[in-house]
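Before any questions on binding or motion, here is one chain by itself as structure tokens, the form predicted alone.
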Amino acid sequence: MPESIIIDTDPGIDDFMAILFALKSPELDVLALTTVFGNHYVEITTRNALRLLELAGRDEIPVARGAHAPLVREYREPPTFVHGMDGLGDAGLTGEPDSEAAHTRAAQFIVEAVMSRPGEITLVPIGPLTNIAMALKLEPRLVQATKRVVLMGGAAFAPGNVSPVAEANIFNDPEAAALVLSADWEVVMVGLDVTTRIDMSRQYIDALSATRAPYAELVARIVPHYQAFHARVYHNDGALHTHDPAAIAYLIRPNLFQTAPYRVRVGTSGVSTGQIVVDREHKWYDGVATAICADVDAGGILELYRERITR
């Protein structure tokens, strides 16, 4: 029986790669995409989500537009130097979609979907956690009704990617992350501790493209801008860190990851903004532990992605 999931997303190149991965995996039933600010303004991420589903031939999947800004902060300018002016690598894929977003906003959409099927739906946030936090505020019983939360975000033991200690999704709305990570539900954190160990080399992307599989060709079209960013920042040949697709991989093959339970807090001020503060000694914080992905079979993830995306 496939696992029913709602992907909360800010497409974004790696979001695009992750969603295609999910759509090609029979273990998963993608019920909806809910959109949030992050890699671009929410108007753009919503358009990109709709376009993505059209390009993938899956435009029957609903898209619900969500938060345009963090819970209590202003949204800074989008990182176009990472994802391009259109959010999808300026690859010419972002024409106006034929379909439209749902009338229901993302937080309410999540509440209605989960509460209608208690214990059955997994939330998969791969952007800032604002929509999930807003849904919790709308309906506190969401904690008991959600099957689990598998999120891409955070850096527990690894360096950050937007500050020395913070990963972008958590940094973009630390107050929302603090709410989500302190709630009494099952949370798996797939963060920089593992995603920066899974590198998609240029040769790997070229091999995907050479298969001429439709989804693989979409990936190959969208990543050059992202490769240029990685080459510039990480001084490599353009090898990509595999961020958002890693959360999808966890859903499909959790045995490719090693997790450890830790209680955590989220920094919300000063230089610690967005930091995942880990109670390594299991004595400082109370509440439910977060399952932190601490190690990964990188080769296994890359093979799984290749197998699915080239189907």
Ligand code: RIB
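All residue numbers are counted from 1 along the displayed sequence. This structure is a prediction, so every number in the text was calculated from the model and none was measured.
Form predicted in complex with this ligand: not shown, discussed below.
The closest heavy atom approach of residue 126 to this ligand in the model of the complex falls within 4.5 Å.
Contact annotation for residue 152: at least one heavy atom lies within 4.5 Å of this ligand in the model of the complex. The shortest heavy atom separation between residue 169 and this ligand in the model of the complex is within 4.5 Å.
By the criterion of a heavy atom within 4.5 Å, residue 227 is excluded from the residues contacting this ligand in the model of the complex. Interface residue among 94, 161, 80, 236, judged by heavy atoms within 4.5 Å of this ligand in the model of the complex: 161. Partner proximity in the model of the complex, defined as non-hydrogen atoms within 4.5 angstroms of this ligand, places exactly one of 129 to 137, 236 to 244, 103 to 111, 173 to 181 at the interface: 236 to 244. Residues of 37 to 56 that come within 4.5 Å of this ligand in the model of the complex, judged by any heavy atom, reduce to 39 alone.
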